[in-house]
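Next up: a single chain in structure tokens, the form predicted on its own.
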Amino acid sequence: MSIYSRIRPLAFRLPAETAHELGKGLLRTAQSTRPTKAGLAAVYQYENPTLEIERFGTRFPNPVGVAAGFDKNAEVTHALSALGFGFVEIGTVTPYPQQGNRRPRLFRLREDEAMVNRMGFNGYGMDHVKEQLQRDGLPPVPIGVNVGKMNTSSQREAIEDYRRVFDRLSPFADYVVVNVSCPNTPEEFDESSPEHLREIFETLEDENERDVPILVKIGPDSPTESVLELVDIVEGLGVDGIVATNTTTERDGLESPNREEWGGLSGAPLEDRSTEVIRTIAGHTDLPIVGVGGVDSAESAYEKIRAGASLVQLYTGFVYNGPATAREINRGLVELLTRDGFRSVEEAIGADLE
């Protein structure tokens, strides 16, 4: 039995957001000195050349990353790297500080190994994040920046929100993700309409002097035809990749009492749907895909890779499985790749599409 499996019942007695804040506080402490950071790396990092992959002009030491939402304000990027994650996506970052929705707004669904969140883009804003990155320095793994709008912004103001955050933080980013699919923010207008997407990406490209890769994050709840239409639109706009998928509003087959809470569902119940979306997209475009949704094991990560994801991300699986999550997934991936005769993770991408 791991230390985390002993601690988790105690942590789960706390409100989910409180436990998350305490956990990040511990990670912040652990990354504050070289010896403690090196100690984390010695225990939790797993390195193998089979796992290395290059995407977006950047080398990733392994394909397993932390999804946006875990480290909104770039406070623990170095600790997450020391825990063995191959990349970290911070955010969602908005131009200015934002409270988000009222607490409680994060709920565990233990019986379903899932979570529901309705955080509402809470965060300290782009200037705080910039100062944090300057103070801590960039981690030794690629970093993505997930950008979003203020909850009070109109359609016109939203474009400027994305531009401001991109302008301020893209110098620190290996890639930037435009988040237009969050189910927990006000729906004042259609964020994924062709006209709005075109204006977003044309505006960002005008600012993109460093040619930072720009990705778009899509949701899992649209029918296949709508997903493919969206892919065609963003591909035509010159987007560099797709993050699939965001959380879902579906609640089919859940057992936990917290299933009644409104917000975006993440974790194990989303696994099959997000993998289906990945497979659909990968069969339609050559754009790189970052797969997220229900990744909590080597098997679930491998399934998304074989479905067409170049990289995978997790958040809820990390909460349920603890600090050894990345190490165990990466170690298991090497075993699965070797079993199936792949010399690298690159060779396995989209294997189930053939």
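Because the structure is a prediction, the values reported are computed rather than measured. Just count from 1 along the sequence shown to find any residue number.
We do not show the form predicted together with a small molecule, though everything after this point is about it.
Practice item. Spell out, yes or no, whether the shortest heavy atom distance between residue 314 and the small molecule in the model of the complex is within 4.5 Å. Key: Close contact exists here: in the model of the complex, residue 314 approaches the small molecule to within 4.5 Å, heavy atoms only.
**Study point:** is_contact(residue 72, the small molecule) in the model of the complex, heavy atom dist at most 4.5 Å
**Key:** Yes, residue 72 is a contact residue.
Check your understanding: in the model of the complex, does residue 121 have a heavy atom within 4.5 Å of the small molecule?
Key -> The answer is yes: residue 121 has a heavy atom within 4.5 Å of the small molecule.
Review point. Looking at the partner-bound form in the model of the complex, is residue 217 within 4.5 Å of the small molecule by any heavy atom?
Key: Residue 217 belongs to the contact set for the small molecule.
Check your understanding: Quick check: do 27, 31 and 321 each get a heavy atom within 4.5 Å of the small molecule in the model of the complex?
Key -> None of them does, since no heavy atom lies within 4.5 Å of the partner.
Exercise for review: Sort through 188-196, 137-145, 85-93, 275-283 and report the only stretch with a non-hydrogen atom within 4.5 Å of the small molecule in the model of the complex.
Suggested key: Selected stretch: 85-93.
Point to revise | Among the candidates 289, 305, 67, 64, the residue which, in the model of the complex, approaches the small molecule to within 4.5 Å (heavy atoms) | key: Answer to the contact question: 67.
Check your understanding: Out of 169, 204, 230, 106, which one falls within 4.5 Å of the small molecule in the model of the complex, going by heavy atoms?
Key -> Comparing distances to the small molecule in the model of the complex, the residue within 4.5 Å is 106.
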